[in-house]
Each structure stands twice: as structure tokens, then as C-alpha cells.
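One chain comes next, on its own, written as C-alpha cells: the form predicted alone.
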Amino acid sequence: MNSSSQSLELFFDFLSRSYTTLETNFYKIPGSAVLARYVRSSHQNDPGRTLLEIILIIFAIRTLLQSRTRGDQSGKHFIQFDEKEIDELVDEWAPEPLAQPLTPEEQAELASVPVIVGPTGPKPKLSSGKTVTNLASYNFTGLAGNEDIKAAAVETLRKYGLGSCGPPGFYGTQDVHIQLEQDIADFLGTEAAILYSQAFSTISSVIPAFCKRGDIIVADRGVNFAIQKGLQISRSTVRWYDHNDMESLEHVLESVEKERRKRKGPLTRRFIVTEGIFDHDGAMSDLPKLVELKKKYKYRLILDESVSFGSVGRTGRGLTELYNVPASGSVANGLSSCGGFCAGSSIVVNHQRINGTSFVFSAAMPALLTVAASEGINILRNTPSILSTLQENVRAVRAILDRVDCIHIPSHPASAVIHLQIRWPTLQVPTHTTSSPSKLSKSNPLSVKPRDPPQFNVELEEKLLQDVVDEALAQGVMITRAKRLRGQELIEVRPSIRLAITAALSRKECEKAANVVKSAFVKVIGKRR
């Protein structure tokens, strides 16, 4: 009995010394006193919680120590195959295609694209050997093929070589790039400008360079696909207003401010994003009203002038010249070269040199194309009659096509990009109609879809318009359907034929080409009326 008592005393003495040693070493660990105080108070208030936490700790340690693989190490639950069965399974396996095969319609569309042999211009030669009148290329001022520009580009090619071999921020900037940026800034009357080597990436880089998560963007529902991608990349809160509707814009601006006051939220950065001339339909923004609203509600304006620059204004400066307002964050691409630019204050430009994704990661524009753009600016500055000729040609084409019953033109009268849509007779309105948004009911700013979206048959209209394109080409005029990424754009855009008027053609040549387009429409669409 005495021996048993002595054994227990020795055991409890060992436990006491071990506990004292463990406690002493535990309190030497930084932060251990806080943990001990938490455990003590937790156990005092809820002893069951202490037990639960101990069980969870043990479970976590067991999970970390056990094998990461779920499979049985013995393999008794696996199906065993011999070599012959494995070979048969491999032979039978068919991988899923990366993309669905092209439909017969898509294959026919690709096959119908004309191929130009030699230089492009107002009268290019096709691979079929036929010379056609070109109303498809964005050659508004006729700079494509200009002999002075070609001579300067050839000289630059001999001096600088072909490519830049690096992004502008990493060994890709050359003196000709700096010169072009200065030329653009001087031409537009802004403090500075920045070059982008890819036109599509220009606006889709400018928007996320300034707009971040938590910022508010109010955008037109009719913006082009590049702007849509920029809005998505920015992760900003986007509110939508009806296409080119200033009343809808003001309503959305007011609703954004009311929402902020209701939530008592902080004043965040806010932007209005739109286009000068819309790529989807050729409509023109009311820039003075936009500037008035942005000042009234304290917004910044990002204006994409990819189409309007080089096509409107006395010297081709775009809407900023036509409406006599300063260029603020203008993005453009229209000097028969490549890429785009953003013009504005020095702060706006320098910020993009660090935060513009396309500027930071894409190779700089080739030197020869940079010099070609600078020469194009000099031609526009010294020869303002080019823009007068362009507008005369636009008016001549519109005078013919505006009177055609089966053609609807949503484009602005001054736009050098003219979209031609099918105008259906009244009897066919239930099947093919374009309903205008109700003025009494407002669209939901949270949704990109308008309240009363236009109704049209995409497959039928695209097929008919392609027949018009083919008929015009057979008569010697090259035009094109406005191509869309169906299923990828935020809203479905109505099919149209897109004409690009140029100053390189005479008035008579433009009238002759317009009559060909008119006869092609009447011949193809007339069968359906």
C-alpha cells in the first residue's frame, strides 16, 4: 500500500514539474500572455466552447499530417486495366474541339471577302484583276498612297529599320515617337499626347488606367466593343444611358447622385464615357451638352474620337474643333497609319505612361508609320481644302441615298462613316421593326439593355445586306457590311452596310458609286417589299 502511494506521489510530482516547465516556456513566447488570457476568459464564460476548440485543433493537425491524396494507397478500389485495354481506350478517346466548326454561312462569308493586290487607295485592284471604287476603307482624307508620305516612310525605314523591338517604357521609344506626340498635341491644342501602337487597345487601356473598382462610369449604351472591354477591365460601377440621348444621360447623373446621398456614401471619382461619332451607326454626340453636364454634375469626360478625328472639322480635328471645345482625353486613330493616341493635360498623359496596359506591354509603333502619321498631320494642317472636299463628297452621297425608300440612315449628316440599314415597309413592321424607346418610361441604368430594344431579324438582314455588297462589287464598287462579334458584344447591334467616304475621289465618282449602291439596294431589297 505504501509503495503504491509513493508511486502516485512520484507521478503527480513529475506532472507538476512538467506543467511548471511547460508553463514557464510557454510564457516566454511573444504574445502568449494574450492567448492565455483569451483561453482563460473563454473557458470561464463557456467551458463547452473550450472543448470544441480543442477538438477543432486536433482535427486540423490530423488533416495536415495525413496524406494529401484521397485515393487508397493500396489501390484496391481502382480498376485495373491491362495494356490492350488501355490502348483501346486511348484509340477510342476523341478530344473536344477548341471551337465549333464554321457554319456554311460563315464559310461563305470568309470566301466572299475581296483580296486587294498592291497598295490600297480609292481605286484598288482586286485579286480577280478587277479595279474597283473603294468605299470600304477608312481613308477619309486620302492619305493612303500619298507620295510625300511614302517618300518619308521609305527614308525612315532606311534610317531606323522596321520594328521598335520593345514597349515604349522599355527601350521602344524613339525620337520620332516623341515628335509625333508633340505634333498631335500641337494639332489639337492640348498640353500633351501619348501614342498607342494598336487602335483597339487605345481606349480599352485608357479607361482602366483611370477608372478603378469603386469608381462610377456613366456610359452610352451604343459604345463600341473596345470601350465595352475597357469598362469590363476597369471593374468600376457602370451605369448606362440611352444611346445618344442627353435627357437620359442627365436622368442617370441625377439618379447616381441621389443614390449616393441616400446611402451617405463618399464622393468617388466619376466619369462619362462615350464616342464622338459612334462606330456602330455613325451618330454624332452632342459634345457641348456633354461638356455642360459633366461640369454641372462634376464628372470627367472620356471621349473616343476614333472615327471623328480626321473626318470632321475644318482641318480634321474632330468634334473638339467642330464644336469649338477643348480636347479632353480624346482618343483617336485616323491618319492612315496605325495605332491611336490620347490627348489631354500633362497629368493625364504622364499617368498613362505608367498605368496604360497597352503602352506598358505592347511594342511601340514602327518608326516609319510614326513618321507617316506626322506627315499626315502636316498635310491636314497645310491643306484644309481636303476636309472641304470630304464634306462635299459626304453631302453628295447622302443626297442620293437619303431618298431611297428601302434605306434607313441613322448616321449624322456630317459623318464620313455612313451606315445603311434596311427600311422595311409598314406591312412588315410586326416581323421586322425598330421600335424607338418610350419617352414616358426610363430605361434601367443598372442594365445595359434599353427598356424598348429594337427588334430585327439578324440572320435575314445580314444575308440581304451581303447580297447588296456582292451586287455592288459586281458593278465595280467595293463596300462592306459592318462586322460584329455576335454573342460577345453587350447589346445586339442592327446589321448595316458601312460606307467610308473619302476625299481622294471626285464628287462625280462618289455620286456614281452612290448610284451603284442605290441600284444594288433596290434590286436586292425590292424583291422583299
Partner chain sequence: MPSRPSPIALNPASPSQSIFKKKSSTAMSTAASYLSAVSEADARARKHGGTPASTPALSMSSSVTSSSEDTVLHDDGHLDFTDGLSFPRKPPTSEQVFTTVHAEFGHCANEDYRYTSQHRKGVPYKSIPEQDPPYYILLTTYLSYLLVICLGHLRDFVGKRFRAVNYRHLLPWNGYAPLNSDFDSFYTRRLKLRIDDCFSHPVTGVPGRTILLLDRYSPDYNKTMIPTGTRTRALNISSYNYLGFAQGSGPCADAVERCIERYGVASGGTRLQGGTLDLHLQAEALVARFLGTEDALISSMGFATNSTIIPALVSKGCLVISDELNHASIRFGVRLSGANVRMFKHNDMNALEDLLREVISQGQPKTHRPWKKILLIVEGLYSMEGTLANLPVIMELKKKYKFYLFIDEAHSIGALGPRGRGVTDYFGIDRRQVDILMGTFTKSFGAAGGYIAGSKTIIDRLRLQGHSGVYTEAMTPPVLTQVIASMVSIMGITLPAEKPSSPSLALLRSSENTPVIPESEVIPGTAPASALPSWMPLSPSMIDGSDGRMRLRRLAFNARYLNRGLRKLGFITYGNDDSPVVPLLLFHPGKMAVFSRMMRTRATPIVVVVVAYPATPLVTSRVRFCLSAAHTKEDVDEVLRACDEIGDLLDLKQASGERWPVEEIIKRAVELVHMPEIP
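Residue numbers count along the first chain shown, from 1. All values reported here derive from a predicted model rather than from experimental measurement. C-alpha atoms forming the largest set that superposes within 1.5 Å between two forms make up the rigid core.
Here the subject shifts to the form predicted in complex with the partner chain, a form of this protein not shown in this document.
Novice: Which of 389-397, 453-461, 184-192, 82-90 has heavy atoms within 4.5 Å of the partner chain in the predicted complex?
Specialist: Every other range fails; the passing one is 82-90.
Novice: Please identify the residue among Glu247, Glu254, Asp402, Glu106 with any heavy atom within 4.5 Å of the partner chain in the predicted complex.
Specialist: Here the answer is residue option Glu106.
Novice: Considering Ser374, Thr141, Ser443, Ser164, which brings a non-hydrogen atom within 4.5 Å of the partner chain in the predicted complex?
Specialist: By the 4.5 Å criterion, the partner-contacting residue is Ser164.
Novice: Within 4.5 Å, heavy atoms only: does Arg300 come near the partner chain in the predicted complex?
Specialist: Answer yes; at least one heavy atom of Arg300 falls within 4.5 Å of the partner chain in the predicted complex.
Novice: Whether Gln198 contacts the partner chain in the predicted complex should be assessed with a 4.5 Å heavy atom distance threshold; does it?
Specialist: Residue-level check for Gln198: yes, a contact with the partner chain.
Novice: Check Trp424 for me: does it contact the partner chain in the predicted complex (non-hydrogen atoms, 4.5 angstroms)?
Specialist: No, no contact at 4.5 Å.
Novice: Taking heavy atoms only, is Arg263 within 4.5 angstroms of the partner chain in the predicted complex?
Specialist: Result no; Arg263 lies far from the partner chain in the predicted complex.
Novice: So which bits of 232-246 sit within 4.5 Å of the partner chain in the predicted complex, heavy atoms only?
Specialist: Sequence-ordered list: Gln232, Ile233, Arg235.
Novice: Is Glu92 displaced by at least 2 Å at its C-alpha between the shown form and the other one when the rigid core is overlaid?
Specialist: Yes, Glu92 moves 2 Å or more.
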